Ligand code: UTP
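In structure tokens, one chain follows: the form predicted alone.
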């Protein structure tokens, strides 16, 4: 232990982070060991490089933005819809499609304790977000008598609670051999002064490093090998909270295949030109999602010769990736984005303190940054009323009551 402590002291001195062991003498032997091991596994070069490289002016100028082509599902001809649907069903029936769900979030914004996927809609009977998604998958699996693998990415914080929930509910009567759980990685959060913070006197504060870690996390969990063994060709990636999101939408799958791309995404039309929601666009000649905070409303009003808006396609977290794309991305380190947040911390007296204003930076990777590594992308605009009812919080437009009403009207009454 003494040798390990001396090694840690040397590391902390090098990076001016000695405060992390300020309360070391007060800890139990187990706490001491855990804290030292935690510090030894921190990449201080990475976190401090991220801290130093970001600044408030880190926004791409609008003149570097170019529009991306998209198709509007509502304007497709009946023959095209039928063609895409049939090709999608053919691909599903052949067992070539799997589902990846991003479920690392907690239900704290809903005033709910536990993984967000375990939150239940107030329908009759009540149904959890996990069961809603499972029912979509199970419907196709039972109808076509096939196995559809479901890969669920959790955080380290909710991993065991998620598994326990599935076990308690008998995996919603779906073949448990088709359900795989894996965890995303963590990053230490850092104060505005460049110091890492403690969540307890014996623990450095970490947070999940964003949904863009999904590709490397799949590889680390050896699940890409599982996908290869199942001869999958396509993986749908979506969030857990949109109750209208069909992860195996045949039209979307068929449309993607027809576009001969490795990646695709469903989009929503941004109705308010002054809305600062990020939009799909080419940024510095690369496909991705552009931040609109410094966009003028005039840019949002630009149209092509047919009157179609050029910069109105927003992200709804509904993506399709080929297995080859997943494999490629599992070897690439996606860029990080910085978020300024308010977070409790252990102060100099060893007491937990809740700040009045944002006090830390959190660094996250996002799935949409993966698009920049491909030459083209298929975008399919869908109707918000038909396919978008996420649960974000109790006060905004995307609340449990609205989601429950839409789910009952559009799904349960079918």
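The model shown is predicted, which means the values in this text are computed figures rather than measured ones. Numbering follows the first chain given and starts at 1. Whichever C-alpha set is largest while still superposing within 1.5 Å between the two forms counts as the rigid core.
This protein has a second form, the form predicted in complex with the named molecule, left out of what is shown; the following refers to that one.
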| property | result |
| --- | --- |
| Residue 103 within 4.5 Å of the named molecule in the predicted complex, heavy atoms | yes |
| Interface membership of residue 338, the named molecule in the predicted complex, 4.5 Å heavy atom rule | no |
| Exercise: residue 109 in contact with the named molecule in the predicted complex, heavy atom 4.5 Å | yes |
| Distance check, residue 184 to the named molecule in the predicted complex, heavy atom within 4.5 Å | yes |
| Contact segment among 306 to 314, 245 to 253, 84 to 92, 232 to 240, judged by heavy atoms lying within 4.5 Å of the named molecule in the predicted complex | 232 to 240 |
| Residue among 64, 46, 364, 386 with a heavy atom within 4.5 Å of the named molecule in the predicted complex | 364 |
| Single option in 262, 283, 128, 208 placed near the named molecule in the predicted complex, where near means a heavy atom within 4.5 Å | 208 |
| Rigid core fit then residue 173 CA moved by 2 Å or more between the shown form and the other one | no |
| Core-superposed C-alpha of residue 341 shifting 2 Å or more between the shown form and the other one | yes |
